[in-house]
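We begin with a single chain expressed as structure tokens, specifically the form predicted alone.
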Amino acid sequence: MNAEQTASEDKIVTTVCNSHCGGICDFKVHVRDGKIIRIEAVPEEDGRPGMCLRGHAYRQRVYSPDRLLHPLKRTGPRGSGEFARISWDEALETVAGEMQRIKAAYGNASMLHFCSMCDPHVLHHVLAFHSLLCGFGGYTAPWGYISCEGNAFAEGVTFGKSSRIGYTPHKPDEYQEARLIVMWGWNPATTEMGSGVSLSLARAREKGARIVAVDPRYTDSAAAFASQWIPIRPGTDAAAMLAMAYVIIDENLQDRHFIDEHTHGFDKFKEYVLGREDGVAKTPRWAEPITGVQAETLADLAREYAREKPALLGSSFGPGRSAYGEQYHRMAAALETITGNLRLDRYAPKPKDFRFLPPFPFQPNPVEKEAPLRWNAIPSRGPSVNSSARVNVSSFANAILEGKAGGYPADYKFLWLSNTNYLNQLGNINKAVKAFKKLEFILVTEQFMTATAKFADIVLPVCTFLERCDLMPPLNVFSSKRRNFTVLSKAIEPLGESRSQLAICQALAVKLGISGYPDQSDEELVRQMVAMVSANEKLKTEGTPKKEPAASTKPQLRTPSGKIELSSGIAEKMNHPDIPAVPKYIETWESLNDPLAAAYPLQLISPHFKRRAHSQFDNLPWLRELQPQAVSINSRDAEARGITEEDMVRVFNDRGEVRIPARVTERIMPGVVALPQGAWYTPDENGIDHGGSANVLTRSITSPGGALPSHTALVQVERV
């Protein structure tokens, strides 16, 4: 599948890199004598090369001397990294035995499983694990997107559904038409959010669009595209947007026709914005001391955004990863709505182009049977995702440590982590370490000995996506290539004794005595799914007399009113003070007004890093040479602490300490420091991290809507 031979007998396999970076990039894998010798970018239809530095370095990842190539059994204390090689049979027997023991002793709900979004395809992803574990009697599944739960919640209460264009904020034509583009907490030069956004921004600027960056950092995107940088304090974005709404309403700049036609609750929203509800008018003067943005700047941006039609608000997920992050996303939607800049076709039904079925039949999770819905359930989601039997993915440490006594549905004893460096990527690592040490058994399926894998009892080696076959479903990302589905062909055989996630599940199904689990090879299963698509296409052309209607662009909103709800009936029904009916600014914990600020006066943010996709690729020498891990600090804050460029500093709070070089720069506003997320946690004997992992310093609780608040943390920085 998707392979060609060259005159020199090299095999060239065309596949797609989709390693949880936000992009989808085609590339050709050149194979000689069963080994990858080169990876080549396949240009997009508009001529762009279409592959980033991580794709170019993927060959080094495949052949890294640190790859896990054999099953391992822990021989030392958890976290020590002491393991011994064992056979697959011993490893699988051990895992199956522990699963059966824990099920018998504590029940299926005591078993947690999480699979993250690395290479999120069909055969080797969530469905494979879900089917296996449901066949075993059930498990506790997670809920909540680590990256964008704040946005998902906001869309659920405002529109009653998610956008049809997924995690890409806007379609290509919107950039080309825009006269004003506001990059709010958005840095597409680093975070793809769909391949090709940067080129569209460059073309939009060439066509005359003015681009403004609102961000605590002067990002690479701001440097490349923006004509204005507006620094803003972390966690205050909703206040700035409310001030813009005040100016728009007070000066009668709103799109009255759009509001009348498509919204519900504008009058209640207006009452709050103008201060008639609580006596506090949300003026730019009100917002200035909160946000650190001058009132005149906010007022000017509001007028420009309302008048320059069409204007595009690129509201990224980053500001939503804060203490009340859903309020930022709700306010962004409100601003787009009251100015008429919202594209309603974003909420039209998604086209029905998913015409193959995975080989895993849907199975309800027995653990969720008869469990009530969570208090903050979003009706647009199914009952399983809304089930109170689930645990928020950011709350595993709390759930393990507290269990039923802490209000969680079960006492957790078993944890299986797949495609994730969980310990590294969720809040409060030191708390997670305590939680992991409490568990009776941890299974990790991995490619490398990550910080998480070091805590496992059994580590099973997993091959990369170049060593297996799969099918990628249609993804509505910002790419010049419109895909129905994509076959991901195997380029080389799995290295060492590594296996695919599917093969591991198949082997465990046998050990656990689960019948009916698919036992064909991944290549056979892909062929079956492709044949199913072909059969459906043939049936459609030969046997269906009626013409399939064109995809509708009419929005179908699933709110109680059927309209965009600026005062949300769904939120009101939750009856929770931190989830108000209208979007509001709620001061975060660990803000500058928190008493903790006396000891920890700097706000920490943990942005993405160009050379990593979350924690992936952090260990590749080619990429580490390009960008050193360091904490960015404004020169004013550095000078006050006697810190100069590349000084080793300690970044700390009550939750932990990181020692890392300082990067002294004007590209971050005073009072804020940035430590890029994804660096591997590397503690010394005293628990001080020398790897630069930001989550040593963040909290493990969630926002009321369920978002990971990774940008809400106070710290101090001192020279070592």
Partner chain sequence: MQLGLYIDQNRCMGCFACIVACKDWHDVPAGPASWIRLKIMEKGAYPDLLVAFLPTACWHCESPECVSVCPAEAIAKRDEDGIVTVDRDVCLGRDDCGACLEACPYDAPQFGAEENAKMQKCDLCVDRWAQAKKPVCVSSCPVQALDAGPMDELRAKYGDVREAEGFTCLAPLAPSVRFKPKENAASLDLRRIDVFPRSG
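Source: prediction; values computed, not measured. Positions refer to the first chain, counted from 1.
What comes next is about the form predicted in complex with its partner chain, which does not appear here.
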Of Ser163, Thr283, Asn634, Asn108, which one comes within 4.5 Å of its partner chain in the predicted bound form, counting heavy atoms only?
-> Asn634
Contact assignment for its partner chain in the predicted bound form, among Met449, Ile259, Ala348, Leu199, heavy atom within 4.5 Å = Leu199
Does the trio Cys148, Met183 and His614 actually contact its partner chain in the predicted bound form, every residue with a heavy atom within 4.5 Å?
-> no
State yes or no: in the predicted bound form, is some non-hydrogen atom of Pro628 no more than 4.5 angstroms from a non-hydrogen atom of its partner chain?
-> yes
Taking 4.5 angstroms as the cut-off for heavy atoms, does Glu370 touch its partner chain in the predicted bound form?
-> no
Touches its partner chain in the predicted bound form: Arg527 (any heavy atom, 4.5 Å) = no
Given that the partner is absent here, does Gly208 sit within 4.5 Å of its partner chain in the predicted bound form, heavy atoms only?
-> no
Which of 62-70, 682-690, 34-42, 647-655 lines the interface with its partner chain in the predicted bound form (heavy atom within 4.5 Å) | 34-42
What residues, if any, in 662-697 have a non-hydrogen atom within 4.5 angstroms of its partner chain in the predicted bound form?
-> Arg663, Val664, Thr665, Glu666, Arg667, Ile668, Met669, Pro670
